[in-house]
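Take a look at this single chain, the form predicted alone, given in structure tokens.
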Amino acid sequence: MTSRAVKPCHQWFNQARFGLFIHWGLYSLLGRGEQVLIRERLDPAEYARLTARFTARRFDPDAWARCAKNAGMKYAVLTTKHHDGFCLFDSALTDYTAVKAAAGRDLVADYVKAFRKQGLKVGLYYSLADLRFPAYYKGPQRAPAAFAEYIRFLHAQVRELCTNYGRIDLLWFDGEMPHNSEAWQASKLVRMVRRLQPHILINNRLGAHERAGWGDFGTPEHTIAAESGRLWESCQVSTWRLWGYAAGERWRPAGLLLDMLCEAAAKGGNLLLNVGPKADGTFPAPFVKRMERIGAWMKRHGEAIYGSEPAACDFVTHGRQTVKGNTLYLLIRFWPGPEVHLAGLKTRVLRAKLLSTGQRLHIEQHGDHVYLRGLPRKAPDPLCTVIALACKGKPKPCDWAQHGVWEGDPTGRLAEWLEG
């Protein structure tokens, strides 16, 4: 996973593998995504009047938490304030909050309580960008006094989030562009956060073009790319593109969403999968349906995901691999029929079984080639079938399989293979 030692209080993150991202705010009323205010250059004053309609009348945080837990998720991250500046939490620094608007309640407090009750870790998202402040765009060079006041405001709001809601496991900053970490006074901000919440995980978005140097974990967006040297999670939408609720958005199928989770785990990271609740506070039915399918899969196959590590062998022909202890898991996306061939495994395989059904499989192992026979002709699980290989020691690749197919021939084995 990483070369940097993980703090004991952060170990849970590397075990979790699956989390829920929630983008909810005034923009949900318009149903055109979370950045509709700026992307469509709406009148800010007219947009602000949406607070009178944002009642969150059907918001049931317990239902949210049950959906996440039943899907197999271990943590969640809620947008306490997105780029439009509207706060779902109670803030002494502004009236632009759900508490002082039609909703009349602290939605963050309700979220924290419900997710804690389900045993899930709690994360809070906070946007450094705030479109109510022209100083955000002018920056410290063009509006030094106004920008300094803006920085004091956002630091004070982060203090509220780290003070008023008990233990917070994860803080997810965003909207750092176009300013660097010095402009955001990021070092000062982080010191304050860690003083108030010593155990907390902080992400890497605290300075434009500086993500590699900040944070406890990386946040590749719309891509699943491993980050060396630290923890990481890929944040992904469950629809086609937008994070906030969008009427008419197409939904990715459950199989694709599950494959993103399997890919993240196979690369040593987490999947933070997003939902944009409707303005009334309910999760869209297509999302709930997909989480029910993934949750049923996780109940049977979760051991191949939670706390797993990347495997060293190449199984792209049929799917992906993860490792946990002495067990190698084959996550089979493309069902081959009655036989599976795995090449490049040096370690002896002792037993093999289908996690999907519990069926034991016949093993033949000749050198670095493993043949699993007696499989059903049809895939036992329509989303992803998993085979668990119990090995004699931690699964290791043979010499030629330690390098990618297109990484040259450092061992000389590929040339030998071609020469016969």
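Residue indices: 1-based, along the sequence shown. Since the model is a prediction, treat every value here as computed from it, not as a measurement.
The same protein has a further form, the form predicted together with ligand GLC, not shown here; the description that follows concerns it.
The listed set F315, Y75, W243, Y111 contains one residue whose heavy atoms approach ligand GLC in the predicted complex to within 4.5 Å, identified as W243.
Contact annotation: of the candidates F217, W172, W297, Y136, the single residue with a non-hydrogen atom within 4.5 angstroms of ligand GLC in the predicted complex is W172. Only one segment in the set 18-26, 5-13, 392-400, 408-416 has residues whose heavy atoms sit within 4.5 Å of ligand GLC in the predicted complex; it is 18-26. Within 4.5 Å of any heavy atom of ligand GLC in the predicted complex lies no heavy atom of N70. Though the partner is left out of this view, E182 does not reach within 4.5 Å of ligand GLC in the predicted complex, counting heavy atoms only. Taking non-hydrogen atoms only, D280 never approaches ligand GLC to within 4.5 angstroms in the predicted complex.
Contact between Q35 and ligand GLC in the predicted complex is found at the 4.5 Å heavy atom cutoff. Residues of 181-216 placing a heavy atom within 4.5 Å of ligand GLC in the predicted complex: R205 alone.
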